[in-house]
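Here you get one chain, nothing else, as structure tokens; it is the form predicted alone.
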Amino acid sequence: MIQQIDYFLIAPPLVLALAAALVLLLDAFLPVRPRTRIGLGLVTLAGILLSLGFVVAQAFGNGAPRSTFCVPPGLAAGQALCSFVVDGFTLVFAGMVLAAAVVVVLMSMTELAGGAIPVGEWYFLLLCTLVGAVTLPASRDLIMLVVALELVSLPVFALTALKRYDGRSSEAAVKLFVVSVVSTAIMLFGVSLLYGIAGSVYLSRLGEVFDPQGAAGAELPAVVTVGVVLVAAGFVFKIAAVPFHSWAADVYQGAPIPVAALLSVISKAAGFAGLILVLVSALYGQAGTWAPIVAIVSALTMTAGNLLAMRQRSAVRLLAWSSVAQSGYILAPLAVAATTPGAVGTSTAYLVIYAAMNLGAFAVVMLVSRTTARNELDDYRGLALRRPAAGITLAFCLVCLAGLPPGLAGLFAKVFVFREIVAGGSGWLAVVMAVNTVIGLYYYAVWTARLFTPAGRAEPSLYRPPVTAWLAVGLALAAAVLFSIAPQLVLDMTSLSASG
């Protein structure tokens, strides 16, 4: 009657956890030298690559979903109740998170080169966040979902505040902490309601209990609706969707830029993974309740993000509100997930493409921030003329985010979403998305134009970025170009994850 553990299945998060412990030990015993900073970064990078290797090995192994941490057969009453499942959905999200983490670590090695931020603590907290982000898409019960989500969140508070003696970083960390605590409390209240009604925390069992066509469907109390809304609200905070979006700009601007990139891609991916699992696996039978809410939140999120981005003069704040708007686009297909089988795959495809585009933009913004105090849009005038590699990379990522040629990756991503919501019968949401896409063209085009406009004032001093910075830029750009050339690769991969 003891649970059996499949260590091959839990290898990706386990490797990350061991790498985090190793980084902390090495930092405690090695002398404080520039070589130590580089060495800790390489150890972190090696741990992420090894974890990614296990994900690839699982992807090329047996195609059937595999599970561990299951209820012993004698207690499961013939049902498959497992807490950790590795299927196509898990592998796509874990692979995306770890690939994005490689770029974030390379950015971190550049950010930490100055020695103002404690290196050991930084990499330890970063790896802890990745453990949660890789575990969350494999979680199949409410307790593991909550624990994994908090493991993603808690280290980010400290990472945001690690820039010592910087008032903006401290303020950003406090804001993130307060809003996160409130959203977690709301979600836990909803989890307690669902558990109290269903008598189980397993998503598969919740799906049976909350199915209106099931035996218990006619007896469900009205408080189920409250539980559904509260649980969804907790994940809405992670993706910075309305009404939990106000923290995004201040936190992105106050945090070190690698942390802002982590929040915009890895933390967002974890939030979407949890939201999809809860809505599609556990609460599919309650789609009549949550589908209209998701549609309204999607429309409000893309509209608020685009309108607020138009008013920004700071590069990081513009990317923050742009990230909010992109969350609205990713949410849109989920509004028709109950009637359109490919909705989950479409949202995942958009998220994968968005990750590459956004990481490339943040990598270039980090380079410019090393030579400018305010990092405003005017500081990017003539960047493509002064530093062609950085300027052209940023321009390509911006036109991708806008959905304009030659950034075909972003265009295809928006076409995928638009086609899905039209097929699902949400014509009004397609109209809102089309209008918001046009609005988004304005601020992306204005920033892109600045890159090719000669500077009318003294140019920022030249800065020689280390190799790690260019590697981060190059990897993100390569992914964005690949997705522009062969978007079908992403669509095929994510459609398999949805069926898994």
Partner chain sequence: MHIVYPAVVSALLFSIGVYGVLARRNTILVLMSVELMLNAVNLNLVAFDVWLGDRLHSGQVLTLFVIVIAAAEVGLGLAIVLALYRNRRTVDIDHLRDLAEPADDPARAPARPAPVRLQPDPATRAEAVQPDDHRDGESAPVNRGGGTR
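Keep in mind the model is a prediction, meaning the values are calculated, not measured. Positions refer to the first chain, counted from 1.
Keep in mind that the form predicted in complex with the partner chain is missing from the display, and what follows is about it.
A.B. asks: Given a 4.5 Å cut-off on heavy atoms, tell me which of 282 to 290, 324 to 332, 94 to 102, 139 to 147 is the interface stretch with the partner chain in the model of the complex.
C.D. replies: Selected stretch: 139 to 147.
A.B. asks: Just to be sure I understand the contacts: of Leu220, Val229, Leu300, Leu188, which is the one whose heavy atoms reach within 4.5 angstroms of the partner chain in the model of the complex?
C.D. replies: Contact with the partner chain in the model of the complex is made by Leu188 alone.
A.B. asks: Which of these residues, Ser267, Asn306, Thr110, Gln253, gets a heavy atom within 4.5 Å of the partner chain in the model of the complex?
C.D. replies: Exactly one listed residue reaches within 4.5 Å, namely Gln253.
A.B. asks: Does Asp166 reach the partner chain in the model of the complex if we count a contact as any heavy atom within 4.5 Å?
C.D. replies: Flag for Asp166 set to yes.
A.B. asks: May I ask you to state whether Pro341 is within 4.5 Å of the partner chain in the model of the complex, using heavy atom distances?
C.D. replies: Result no; Pro341 lies far from the partner chain in the model of the complex.
A.B. asks: Spell out, yes or no, whether the shortest heavy atom distance between Val174 and the partner chain in the model of the complex is within 4.5 Å.
C.D. replies: Taking the distances in the model of the complex, the answer for Val174 is yes, it comes within 4.5 Å of the partner chain.
A.B. asks: In the model of the complex, does Ile296 have a heavy atom within 4.5 Å of the partner chain?
C.D. replies: It does not: once the partner chain is placed as it appears in the model of the complex, Ile296 has no heavy atom within 4.5 Å of it.
A.B. asks: If the criterion is a non-hydrogen atom within 4.5 angstroms, does every one of Leu45, Ala64 and Phe84 touch the partner chain in the model of the complex?
C.D. replies: None of them does, since no heavy atom lies within 4.5 Å of the partner.
A.B. asks: Just to make sure I understand: among 310 to 328, which residues lie within 4.5 Å of the partner chain in the model of the complex, judging by heavy atoms?
C.D. replies: Result: Arg311, Gln312, Arg313, Arg317, Trp321.
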